[in-house]
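Okay, so here's just one chain, in structure tokens, the form predicted alone.
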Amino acid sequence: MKRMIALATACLTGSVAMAEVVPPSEVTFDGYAVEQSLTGTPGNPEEGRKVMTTKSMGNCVSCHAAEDYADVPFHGEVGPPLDGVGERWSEAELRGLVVNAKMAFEGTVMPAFYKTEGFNRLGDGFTGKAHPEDKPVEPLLTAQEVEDVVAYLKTLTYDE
């Protein structure tokens, strides 16, 4: 029995380790939805909340309000409230919106959180200067952070 448990654990661990991250340039959209997980690993809603409400990470709170993170100060009003988004959009649609909301809403000011090419005027952080041509562009969020944010957004439902 112990051997079977060890074998099952090794198989599960191996499958998680073999899951490859989808690079930003290889994300496939169906309309604006992204069906495929970027990591093959389920997102962690607690980590997603942290990403959304931390200024040095996603900082979603600066544009979006939600009752679930009413304890976080300085909610913005630029974007729509996020209450109920877990019921309004599918996981694939939410992933697509986080990866690149411009695929759904062309004129949105929401940043593409998982994009590394095709920018009009890419800046270098908060320096006011252009991004150096010899420096690779990193996405604003990692693939796992995107999955974590999507997992958290799926928890934002209306209470009955």
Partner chain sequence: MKAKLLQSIAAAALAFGAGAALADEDAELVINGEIEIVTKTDAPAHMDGMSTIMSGWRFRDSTTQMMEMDDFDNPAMLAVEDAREKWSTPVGSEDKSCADCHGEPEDMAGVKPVYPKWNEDAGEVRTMQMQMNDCRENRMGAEPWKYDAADALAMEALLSSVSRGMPVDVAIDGPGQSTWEQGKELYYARTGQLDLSCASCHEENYGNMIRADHLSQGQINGFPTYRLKNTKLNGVHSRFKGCVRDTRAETYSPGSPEFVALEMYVASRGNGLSVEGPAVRN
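Values in this document were obtained by computation on a predicted structure and should not be read as measured data. Numbering follows the first chain given and starts at 1.
What comes next is about the form predicted together with the partner chain, which is not displayed.
A heavy atom within 4.5 Å of the partner chain in the predicted bound form is found for one listed residue only; from Gln36, Asn44, Ser62, Thr41, this is Ser62.
The partner chain in the predicted bound form is approached by Val109, whose closest heavy atom lies within 4.5 angstroms of it.
Not displayed here, the partner chain is kept clear of Ala70 by more than 4.5 Å at the level of heavy atoms in the predicted bound form. The partner chain in the predicted bound form comes within 4.5 Å of no heavy atom belonging to Glu87.
Contact check for Lys50: no non-hydrogen atom falls within 4.5 Å of the partner chain in the predicted bound form. Contacts of stretch 119 to 151 with the partner chain in the predicted bound form, defined by any heavy atom lying within 4.5 Å, are made by Phe119, Asn120, Arg121, Leu122, Gly123, Gly125, Phe126, Thr127, Gly128, Lys129, Ala130, Val137, Glu138, Pro139, Leu140, listed in sequence order.
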